[in-house]
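Consider the single chain below, provided in structure tokens and representing the form predicted alone.
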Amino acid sequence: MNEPRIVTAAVIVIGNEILSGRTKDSNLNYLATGLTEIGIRLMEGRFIPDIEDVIVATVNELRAKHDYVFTTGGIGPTHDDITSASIAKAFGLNWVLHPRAEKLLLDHYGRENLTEARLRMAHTPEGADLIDNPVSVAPGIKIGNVYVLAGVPRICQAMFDGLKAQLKGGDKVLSRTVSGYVGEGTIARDLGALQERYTMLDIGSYPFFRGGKFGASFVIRGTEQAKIDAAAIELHDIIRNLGAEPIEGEPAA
């Protein structure tokens, strides 16, 4: 049997406003969901500040480990929007005015309104490709295996939706959820043994408290549906042997 094709990604969320709690991030969840749909496994999510050295080090670390790296935030017109220039430094490239990006902004704003600050958004690492921005024109950037997206959720998501078809995924990760009103401490030993029998799967346990009772949902993930279903059947038996009734999916609220 062929080994599953595994393609991995990391997301770097950049911005002091995220780390301070002023702004809530929603991009990580959106990207994780979209990547999973096309067979790319999001393995890491990092939240980092607008500090050049941190951006450079994080980008270089993650682009060497994963097939894809996505950054969000820090590509606007203000002084603290340093992501694009920092990524140029990470690749050892000059940060230059991109002719097509300049034309996009010129057509959008007009010569009189294309300020020096706005022109910053037309600078990219030398040799970078542009990522279309159907919302506010100022493009994202692709350099190597790094995709630089906006931080504003609506723009970030539109950029990602436009480039998703270009990404090459591996075997899709399938999942099945089995729940039961059993405590994690009670089922832990049997669940661990189940995981040992199915090393090709990932079995996660997620506790809940509903209707005055404790329970847990067990999510079985993998690339082979038959293996997932076999593990689920065994999990049903484990839950029954502990005096509870297995529930397919999440329990009713």
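Every value quoted in this text rests on a predicted model; they were computed, and no experiment measured them. Counting begins at 1, following the sequence as shown.
Note that the form predicted together with a further copy of the same chain isn't included here; everything after this is about it.
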Next item on the list: Report yes if all three of G39, N94 and G127 come within 4.5 Å of a further copy of the same chain in the predicted complex by some heavy atom, otherwise no.
Entry: no
Next item on the list: Mark L235 yes when one of its heavy atoms lies within 4.5 Å of a heavy atom of a further copy of the same chain in the predicted complex, and no otherwise.
Entry: no
Note to self: Does any part of R118 reach within 4.5 Å of a further copy of the same chain in the predicted complex? Heavy atoms only, please.
What the structure shows: yes
Notebook entry, point to check: Quick one: is R221 in contact with a further copy of the same chain in the predicted complex, heavy atoms, 4.5 Å cut-off?
Noted result: yes
Margin query: Can you tell me whether D202 touches a further copy of the same chain? I mean in the predicted complex, with a 4.5 angstroms heavy atom cut-off.
Written below: yes
Next item on the list: Find the only residue in G144, G170, G162, P77 having a heavy atom within 4.5 Å of a further copy of the same chain in the predicted complex.
Entry: P77
Notebook entry, point to check: Can you name the residues of 16 to 44 that have a non-hydrogen atom within 4.5 angstroms of a further copy of the same chain in the predicted complex?
Noted result: N16, E17, I18, L19, S20, G21, R22, T23, K24, L28, N29, A32, T33, T36, L42, M43, E44
